[in-house]
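Read the single chain below, which is given as structure tokens and is the form predicted alone.
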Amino acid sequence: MGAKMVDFNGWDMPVEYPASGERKTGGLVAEHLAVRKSVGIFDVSHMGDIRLAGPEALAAVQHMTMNDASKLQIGQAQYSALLYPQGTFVDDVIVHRMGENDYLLVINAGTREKDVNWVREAAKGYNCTVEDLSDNYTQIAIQGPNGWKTLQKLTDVDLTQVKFYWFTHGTVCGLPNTLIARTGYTAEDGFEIYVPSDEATSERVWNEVMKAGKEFDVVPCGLGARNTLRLEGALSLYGHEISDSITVWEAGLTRFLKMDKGDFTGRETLAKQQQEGIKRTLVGLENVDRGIPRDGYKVVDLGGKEIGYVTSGSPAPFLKRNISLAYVPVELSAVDTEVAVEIRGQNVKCKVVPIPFYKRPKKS
């Protein structure tokens, strides 16, 4: 489809799709706006999948993740994370409860080998099997307010009955027992379908989704729009907002941290940090002066002293502002606090703003 391609953790991935043929619009901004206003489709087959099944699968999941998987009903999913003993991140994951003793963890591509090894090690001593199913599935994400209408044409499942962070199985594009999830990573409503990873099937399903979305001006979307969409929603990305040197408290993800569920890896350190407090925290920044903050740029106070760094930064196509996420000292994290980002040798003034920068409108 004429996409600009890059290497992404060993995968050949589209950054953006320029306008070509019948597609009158293209590029990152057009893709971003299509997801906010109508529908965009992403090839996210690089995502990894780990299955834990057996009598003690839940106990194993509870031991290795920070959220409380015991609260999940069959067909429900939750955002969570695998943690090191020091309370930092192995990876963030989405835990799906597939059956009575059956869980699927969706993981990031760049951390797949590390994650699989970590899960295998953490599950030792529990009566359950661990399978790396990453190569079994192609995952296609159909995101945006018209995403469900697009997918509804291709499935026998009533998608209006699938709530956010739930999933089901049904026939999609003639493929029986297809996993259909309503999670997403765009701060927008949307669905993900998991189809067999053979090339012919994957390509056919992709083309059928594109055809079904034609009346809604569906556009194919790449990594660029995926990044700007998740940044507007202040959704964490491994290696940026979260890593093996950042704790859950620092990352501001404590709404997913269930300290009272019982023991789990990292709990002891996190309990200590909860008592002692943290020195730095993740904030949202909006530019006051002109300039585009980028990942890794220094954050300085108004006296020019380095105090932190930008984890992710970009123009926000829908909000039409320059925004970033950054780590700063807790004492400089209050909303409306002014700091600066060093951009090409110049200290560009920014202010702390509430996050997420964007929240999707509630359905009427």
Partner chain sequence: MAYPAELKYTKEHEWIKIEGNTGTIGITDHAQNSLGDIVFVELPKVGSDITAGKSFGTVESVKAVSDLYAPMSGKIAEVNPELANAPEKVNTEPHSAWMVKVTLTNPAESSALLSAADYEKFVAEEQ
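Owing to the predicted nature of the structure, the values given are computational and were not obtained by experimental measurement. Residue numbers count along the first chain shown, from 1.
Just so you know, the form predicted in complex with the partner chain exists too; it's not on screen, but the next bit is about it.
Q: My question is simply whether Val353 lines the interface with the partner chain in the predicted bound form - judged by any non-hydrogen atom within 4.5 Å.
A: Contact with the partner chain, no.
Q: Mark Ser38 yes when one of its heavy atoms lies within 4.5 Å of a heavy atom of the partner chain in the predicted bound form, and no otherwise.
A: It does not: once the partner chain is placed as it appears in the predicted bound form, Ser38 has no heavy atom within 4.5 Å of it.
Q: Is Arg294 part of the interface with the partner chain in the predicted bound form - any heavy atom within 4.5 Å?
A: Output for Arg294 is yes: heavy atoms within 4.5 Å of the partner chain.
Q: Consider Ser314 of the chain shown here, and say whether it contacts the partner chain in the predicted bound form, taking contact as heavy atoms within 4.5 Å.
A: Yes, Ser314 sits close enough to the partner chain in the predicted bound form that at least one of its heavy atoms falls within 4.5 Å.
Q: His63, Arg120 and Glu241 - do all three of these have some heavy atom no more than 4.5 Å from the partner chain in the predicted bound form?
A: No, the candidate spot makes no contact with the partner chain.
Q: Tell me, please, which stretch of 286-294, 267-275, 127-135, 89-97 lies within 4.5 angstroms of the partner chain in the predicted bound form when heavy atoms are compared?
A: Of the stretches listed, the one contacting the partner is 286-294.
Q: Considering Leu52, Val339, Leu325, Leu28, which brings a non-hydrogen atom within 4.5 Å of the partner chain in the predicted bound form?
A: Selected option: Leu28.
Q: Who in 86-108 is close to the partner chain in the predicted bound form, meaning a heavy atom within 4.5 Å?
A: The stretch does not touch the partner at all.
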